[in-house]
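Take a look at this one chain, the form predicted on its own, written out in structure tokens.
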């Protein structure tokens, strides 16, 4: 492999990271809103949120991408392939992150909330000082795992015409007749990226534990 071809692989890996990071960030924002709706006592909020989670967790991501890619032009929205890919990845990860967050909030010990009520803390104070910090500590491992899954799942967006790491490896393998080499390099780059994400998650967990013990 020449230096120029390896540089192409690195650029594709960087593009994959940007797409995945954007999807995870957008998905987290949507996931927070969906989580709040699922925890709401109002059925008109809870039921649509439950339907959203059921759909995007129950339908394969590949089908979601193809559906969104073909649906947008059908309703008169002509967007680049990357936009359709971002929408698909973001909505899919939002459903999983919403469930991760919901599990974290529901795991907050009820005794702490009762003690907070007795101490006269307002609902916002209970949320910001008790519920959110505890839920965050509990859900960090699941959120990091979801980030890794989305990084790997981003290889599917090539089906809607986005040239990311996997598609770049496919193109180079086809043009050089060296599939083993380029797929091995792609696998190594995915492994390195995911290792960095996992390491960052471990550092975040330790920082949160130190904050709890401080």
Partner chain sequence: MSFDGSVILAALPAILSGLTVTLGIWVAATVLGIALGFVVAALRHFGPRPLGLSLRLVVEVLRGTPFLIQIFLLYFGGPFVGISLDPVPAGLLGLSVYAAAYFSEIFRAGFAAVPRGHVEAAQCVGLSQAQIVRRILIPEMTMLVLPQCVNMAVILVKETAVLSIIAVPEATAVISALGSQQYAFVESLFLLAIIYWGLVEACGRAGSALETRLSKFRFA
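Treat the numbers as computed from the prediction; the structure is a model and nothing was measured. Numbering follows the first chain given and starts at 1.
Absent from the display: the form predicted together with the partner chain. The rest refers to it.
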query: Residue 47 within 4.5 Å of the partner chain in the model of the complex, heavy atoms; finding: no
query: Close approach of residue 74 to the partner chain in the model of the complex, 4.5 Å, heavy atom; finding: yes
query: Residue contact check: residue 60 to the partner chain in the model of the complex, 4.5 Å heavy atom; finding: yes
query: Residue 96 within 4.5 Å of the partner chain in the model of the complex, heavy atoms; finding: yes
query: Triplet 39, 101 and 197 all within 4.5 Å of the partner chain in the model of the complex via a heavy atom; finding: no
query: In the model of the complex, residues of 163-193 near the partner chain [heavy atom within 4.5 Å]; finding: 166, 170, 177, 179, 180, 183, 184, 186, 187, 190, 191
